[in-house]
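To begin, one chain is listed below as C-alpha cells, in the form predicted on its own.
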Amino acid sequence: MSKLFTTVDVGRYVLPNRLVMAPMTRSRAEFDGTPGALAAEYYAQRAEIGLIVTEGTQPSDDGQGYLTTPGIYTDAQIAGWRKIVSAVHDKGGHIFIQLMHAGRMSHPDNTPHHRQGVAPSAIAPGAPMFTAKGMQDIPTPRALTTEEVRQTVRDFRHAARCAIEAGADGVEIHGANAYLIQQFFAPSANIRLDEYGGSIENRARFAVEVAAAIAEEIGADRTAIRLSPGTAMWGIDEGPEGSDLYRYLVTQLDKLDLAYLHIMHQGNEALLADIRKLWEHPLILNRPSRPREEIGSDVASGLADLEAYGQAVLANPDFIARLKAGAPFNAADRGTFFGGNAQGYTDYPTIATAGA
C-alpha cells in the first residue's frame, strides 16, 4: 500500500498521492444548476486525496438527466464552482470537474426547459427515474440530428472552458455508465445511419470528437475521460464487438495525449490488460466494491497508476488519514446519497472528531 502515498505526474500536475475521489452524483444543486451552498465544504473536506473528480456536471440544458444536478455553462454556475474550486485549492487539493451529458437517461420534469431528452436514436432505456413527482418511466428520447451531434460537441467544449474559468484543474469527460457518450457505443441505443452510427469507428467518433475538441480548447494535459467497458444497465448492450470498440477507442484517445484515462471496471480482465498496454498515459482504475484489504493492489502490480474510490471517500472525509493509520471506515448512509442537507454530506466524522 505504501506506493499509494507516493507522488505521480498526471497531465500538468504532480499529485501528492495515487488515490482519487470517484465522481458521485449527490443531487444537492439549485434547480438552475448552480452548485449547492454546502458543496464547497463537502469537497474541501476531502482535499487531502490526490485528485477529486466531481459529481457529473451537465454541459448544457439538454445534458441534464437527474433532479438538482449542477451545470457548468452559465455565469451563475461558473461563480458557484469557483467557490468550490477555491475551497479545495486552499486546502492544497486538485479538482477536475466531470462533464456529464445524460442523453436519454433524462426526464422532462428534471430539466429547466422540460423538453424531451435527446440521444443517438429514439430508443427508450426501459427504466424509471426519480423526479419531483416520484418515480416515472423515462420517455422515449428524440434522436439528435447530425448537426445537433456536432453542436453537442461544441457544448462540451464550451463547458470545459467554463470549468477552467471557474479555476478547475481540468475536466473529466463522462463516457461511462450508460450516459450519452456510451449510448453512441451501444447498438442497442444507436441505430444511426450517418457517420455516428454503424461501424466501430463511427460509434466511437462522438467520444473522440468531444475529447479532441476539449483538448484543443483547454489543453490535453487538463483533459481526461472515464469509460466503463461492458456496462450492461438501462438498456445498454455493446454487443459482440464491444471489446473491439474499446480497443479502437483507447488507441484513438491515446493519440490525443490526455491527462488520464479513468476505467470503471466491469470485470473483463483480458480487456483491461489490453487497455493498459494500449494506453501510454496515466490510468485510474475504479473497481466497484473493492475490499479494503485489496486497496493499493492494482497500483502495486502496475495495472494502474492511481485507484479511485467512491462511497469510502463519501463517508470518510479523512480517507487518506484512515488508510495510513489503519483506522476503521465510517459506513456510508445510502439514504442520504441523493438530495437533502448536511446529513450524510458534510457531517461524517473524522478520526479527530470521533475521538473528541
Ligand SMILES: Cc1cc2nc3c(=O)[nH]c(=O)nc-3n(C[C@H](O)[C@H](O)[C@H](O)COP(=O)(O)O)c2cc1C
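All residue numbers are counted from 1 along the displayed sequence. Please read these numbers as outputs of a predicted model, since none were measured by experiment.
Missing here is the form predicted together with this ligand; even so, the following discussion is about that form.
Q: Choose from 84-92, 242-250, 124-132, 172-180 the stretch whose residues reach within 4.5 Å of this ligand in the predicted bound form, heavy atoms counted.
A: Going through the listed ranges, the match is 172-180.
Q: Within 4.5 Å of this ligand in the predicted bound form: all of T152, F184 and S199, by heavy atom?
A: None of them does, since no heavy atom lies within 4.5 Å of the partner.
Q: Exactly one residue in Q98, N190, N110, Q77 has a non-hydrogen atom within 4.5 Å of this ligand in the predicted bound form; which is it?
A: In short, Q98.
Q: Can any non-hydrogen atom of V118 be found within 4.5 angstroms of this ligand in the predicted bound form?
A: Judged by the heavy-atom cut-off of 4.5 Å, V118 is well away from this ligand in the predicted bound form.
Q: Just to confirm, P23 within 4.5 Å of this ligand in the predicted bound form by heavy atoms?
A: P23 belongs to the contact set for this ligand.
Q: Is P59 part of the interface with this ligand in the predicted bound form - any heavy atom within 4.5 Å?
A: Although this ligand is absent here, P59 would stay clear of it in the predicted bound form, with no heavy atoms inside 4.5 Å.
Q: Since only the chain is shown here, I'm wondering whether D305 would be in contact with this ligand in the predicted bound form (any heavy atom pair within 4.5 Å).
A: Taking the distances in the predicted bound form, the answer for D305 is no, it never comes within 4.5 Å of this ligand.
Q: Go through 315-353 residue by residue and record those having a heavy atom within 4.5 Å of this ligand in the predicted bound form; state none if no residue qualifies.
A: Result: F337, F338.
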